[in-house]
Structures are given as structure tokens and as C-alpha cells.
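This document starts with one chain, in the form predicted on its own, laid out as C-alpha cells.
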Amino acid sequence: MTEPRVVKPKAFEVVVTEVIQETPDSATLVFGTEEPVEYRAGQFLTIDPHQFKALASHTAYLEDLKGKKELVRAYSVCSAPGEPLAITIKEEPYVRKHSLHAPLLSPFLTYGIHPGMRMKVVGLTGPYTLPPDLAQRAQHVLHVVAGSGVVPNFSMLKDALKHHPAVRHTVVDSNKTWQDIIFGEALAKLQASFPDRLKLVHFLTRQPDVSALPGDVRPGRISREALLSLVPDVAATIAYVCGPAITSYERRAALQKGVSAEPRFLETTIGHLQALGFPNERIKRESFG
């Protein structure tokens, strides 16, 4: 099967048709577009904060502080091709050890958008996608995600369940608590609709008592042993990993101290997979956070 033609990202206007509060600190924005938008499941679009008057003072302040222009921000689609275009945003909290500066756009998109608003976006692009000949490359896709890292994988999962009936999927999703799970109900419905092709496992790092929760829910962090039990055949599996990774600020701070930056979710998970025998070419990654 040939690769689809490369479409250069272009700017276009969208109108917000629906705002869905997914969790207390995340929201899905559903867009209407004048023309159909071509993209592959898992790709992202970018949004320029300069277009929002409500952010003008904050944007100018950060630019003075940094001595450079604020960049566009990238947001993965949660929709699959054929569905209304949609992105999901999780508010980035200010954490000093991850950055010197407070987030600019994500709080506004999470809490300040309402149906009828218009904005300009550029997209869509990005290599974090499933191959078009997926069934020839793998029998099983392992999705290991944390927090808003589930967003592009949710897009890919919906698309693959529809178009690649011979491929099984396992979603291993890490969050702090049950209330923090993005797409929790939607993922459960997909599992109920495809019980032989989709397995869903939740890990909750700050909710030790999971006995009353439905489905396969486990306390603590995703371990190497847990992944081993979920991957019976490494050679037949492609892993897609998306979640928080070491930031550039953390790398610089560690370099100044002469130490290595502390691994976060992405680095830790990739280390687990490599220890299980996954070659690098069968580990696809996307950093969030």
C-alpha cells in the first residue's frame, strides 16, 4: 500500500460548534469548517495566541520577559477522519521545576472558549500516526498514554478499529485519579463494542483504593511487569507512547548542575519497552507536557 500524499499544512478559519468538558481541567473543542479538512488520525494543528485579544497583555508580558516572540501552540486532534474536526486541551499548570513561565494558551482554550467563537488554525501535520499498511506490520498495537497523551491515540484507535479489523489494541492509560481520565466513558464504550479487539487498562497514581471502580483499574504507576503481561508477542506489536516528557528547561537545569534530568513518563515507559525487547523502530513516541 502506498503512503498517502503529503498535504502541506495551511491556515484556515474554524468556528467552535461545541465545547465538551471532559474532566475538571480538560475540554474538547469541536470545530465547524467551510471545507472538509484532510488529515490522518493522530495529527495536530497549531494555534497562534496572538489572535486572541483577551490574551494580548499576557502575551506581550511574556514576550518582554523572554525577549522573543511567543510561538504557536500545537494541539492533537481527538477526532478521526470522517468525524467533525476536534481537539482536546488539558490546562497546563504552572510548575516551576518544568518551566520558568506560566502557560499562556492552554488555560484560555480550556476555560475561555464558547460555541460560536471563531479562530484561525494551521494544519494538519505530524508523524505520530498509524501506518496505512498497519495489518501488514503488526497484529497488535499497544497504546501507553498518560493524561492528555491519550488524545492522539484516541483518534488513531477509533480510526484503526474501523479500518483495520484484523488488528488488536491494548490501551494502558495512566492518570492521577478516576476523575482525571479523559474520554473515560468513550473508551469504555469502544471496549464494549469491540471486546475481542480492544483491552483497556487504567492506572491511577493517586487513588490507592480502586476496588469500587469498573473495569481493569490498577493503583500506582505503569510497571515493566504490567506491560509484559499485556504484550504476549513483542514481535507482533507496535507501541505508541504519548505523555509528559523531560522539558528543555529541565534538561538545561540538569546540565548546569552536571547531572542527568530525571526521567518522566515518556522516558520511563520507553525504557520499560526496550527492556521487554521492543526495538526502537517499533516504538512510536509523542511528548506532551
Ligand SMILES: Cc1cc2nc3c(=O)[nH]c(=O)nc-3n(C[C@H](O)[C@H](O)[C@H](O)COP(=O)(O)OP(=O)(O)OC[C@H]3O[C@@H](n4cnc5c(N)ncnc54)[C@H](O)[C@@H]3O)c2cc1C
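In this text, residue numbers run from 1 along the sequence as written. Source: prediction; values computed, not measured.
The following text describes the form predicted in complex with this ligand, which does not appear among the structures shown.
**Student:** Give me the residue from 131, 107, 215, 219 that has a heavy atom within 4.5 Å of this ligand in the predicted bound form.
**Tutor:** Selected residue: 107.
**Student:** Note which of 73, 176, 197, 163 lies within 4.5 Å of this ligand in the predicted bound form, where distance is taken over heavy atoms; exactly one does.
**Tutor:** Flagged contact: 73.
**Student:** Want to guess which of 116 to 124, 145 to 153, 164 to 172, 197 to 205 is within 4.5 Å of this ligand in the predicted bound form, heavy atoms only?
**Tutor:** Residues of 145 to 153 come within 4.5 Å of the partner.
**Student:** Residue 103 near this ligand in the predicted bound form, any heavy atom under 4.5 Å?
**Tutor:** Flag for residue 103 set to yes.
**Student:** Test of understanding: in the predicted bound form, would residue 90 fall inside 4.5 Å of this ligand by heavy atoms?
**Tutor:** Close contact exists here: in the predicted bound form, residue 90 approaches this ligand to within 4.5 Å, heavy atoms only.
**Student:** Determine whether any heavy atom of residue 249 comes within 4.5 Å of a heavy atom of this ligand in the predicted bound form, and answer yes or no.
**Tutor:** Taking the distances in the predicted bound form, the answer for residue 249 is yes, it comes within 4.5 Å of this ligand.
**Student:** Any of the heavy atoms of residue 66 lying within 4.5 Å of this ligand in the predicted bound form?
**Tutor:** So residue 66 counts as contacting this ligand.
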